[in-house]
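Only one chain is included here, represented as structure tokens and corresponding to the form predicted on its own.
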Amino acid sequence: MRENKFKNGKPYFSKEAWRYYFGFFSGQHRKLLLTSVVATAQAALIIPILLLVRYIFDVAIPEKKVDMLVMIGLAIIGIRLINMSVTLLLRRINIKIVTTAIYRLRDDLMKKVFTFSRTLYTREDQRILHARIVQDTERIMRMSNSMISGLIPAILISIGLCVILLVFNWFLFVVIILFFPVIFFSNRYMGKILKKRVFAYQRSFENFSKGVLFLLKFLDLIKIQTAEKIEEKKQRKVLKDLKEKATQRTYFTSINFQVQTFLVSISGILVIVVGGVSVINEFMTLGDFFAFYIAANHLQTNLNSINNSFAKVLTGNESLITLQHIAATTEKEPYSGNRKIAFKGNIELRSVIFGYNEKPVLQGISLKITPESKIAVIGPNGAGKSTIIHLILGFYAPQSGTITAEGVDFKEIDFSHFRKQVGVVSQHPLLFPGSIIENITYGNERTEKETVIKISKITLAHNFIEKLEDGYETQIGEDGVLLSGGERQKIALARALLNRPKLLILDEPTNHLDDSAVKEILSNLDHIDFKPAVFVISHDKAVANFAENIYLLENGKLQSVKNEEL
């Protein structure tokens, strides 16, 4: 199988990916700075606690001041409550910062999807793209929460605690610091291995998501082809791989956590041993030792928090790189003009040459569509008839020749505005799960029901809809599976006409509609207040009976013919 375009080759940190990520925090830097300053200041709240603890062991207990012990205990509880309140406030601010940034990230990715070229859209595995956009943005949100609410505050508080520990007892602090390089290099080594496990797991999860979507979408095909056993075997293989990758990633994450926690705890044991020796030799008081130990314990807690966040950052990093590759794709729609034209139905192709992957499909064709005209392009399957439609819609640009609408070159046209004035009914109508009326009014949701009924009568859709128990509210299922092919095509035609288009394109209408239905629909179009030009393509020569101008597309050449010549 060909490697996916967006597949990440190796796990690594990418400056471009992180620059892309930080761009979504634009306008929130002051809030981040404020929360960082407050988080650093939180470390100062431990100072009165340490002083009170030292007083307890050096004064209150030796002098048996019970009332003083109670007062100090209440004071420490009060300080803890203040610390908890500040933490919750910071958490609330940070959550809003993260959710806003992730909203912007997802919004940007959705906009990027709209700019994908049809070449990319049809070539790439949409199930993989779906899994990446949905799952990876969720992983990045977890990483962001962990970083902003856990990692960054923990780092800042740890720095503050180091300063406090240095002031309290520089000798014990040096003992702790000397052990930090061991923790750092161990974390770095374990992190490289963990990144590989995370990368492998994410790719395996994408295959699992792809398999589930395939089963749900093609269940009928699987059963018709009696491929249940084959598909079951295939999906079981994917599940087994996911199980192995998940086991490896989760277990190694646990190993990394336990190793780092063990190393951090050793530094705590060193504090107890060295501090105890110092108290015995009267180099420090018992109160000094307990105060230092509490501060060191807080430092250990924050170091463990940093370690916990590290695994989430690695997971998010891989997702971030994947999404940045998607966002950075240069395969976009071929046209980027912004000129809005009052389209009347005039389209002209002049000496157009086009091919896929250097394989010629259309060789110097010329075609002219005028307002209210009826044109048919006839030709065998695979001749390139649908390619002409894609060229008219601006999905592709010709390698040579020009295409104009109302005399304006396609390179200048705003295609979002232009396509609103063109109605298209493909040979495989695109319908989504929902009601009939939702499908007809898609893109025109505010249309009055009376208008919908009027248009549906023109397309002969109303004839079968009114016989349904729920009428226009009838649910049609995935891809309109609860309707016949002809019914789906009539609904799609009603949707296309609802925009009152100046050009109506029918792609292989006789695939699902018989000659009499096509003839009646085309006749109805002659009696509506707007009369679009009708452009029909088909392999069925009988379609030519409905056209004023007939063209035969064969071997990449387009030539005008008369009905009797067919």
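Numbering starts at 1 and follows the sequence shown. Every value quoted in this text rests on a predicted model; they were computed, and no experiment measured them.
Separately, the form predicted together with ligand ADP exists; it is not shown, and the next lines address it.
- With the partner omitted here, the residue from Phe290, Phe180, Phe283, Tyr396 that has a non-hydrogen atom within 4.5 angstroms of ligand ADP in the predicted bound form is Tyr396.
- With the partner omitted here, the residue from Asn381, Ser336, Thr226, Asn297 that has a non-hydrogen atom within 4.5 angstroms of ligand ADP in the predicted bound form is Asn381.
- Within this chain, Thr115 is remote from the site of ligand ADP in the predicted bound form, having no heavy atom within 4.5 Å.
- Of the heavy atoms in Arg132, none are within 4.5 Å of ligand ADP in the predicted bound form.
- Contact check for Ile353: every heavy atom lies farther than 4.5 Å from ligand ADP in the predicted bound form.
- Within 4.5 Å of some heavy atom of ligand ADP in the predicted bound form lies at least one heavy atom of Thr387.
- Between 354 to 362, 257 to 265, 442 to 450, 315 to 323, the stretch whose residues reach within 4.5 angstroms of ligand ADP in the predicted bound form through a non-hydrogen atom is 354 to 362.
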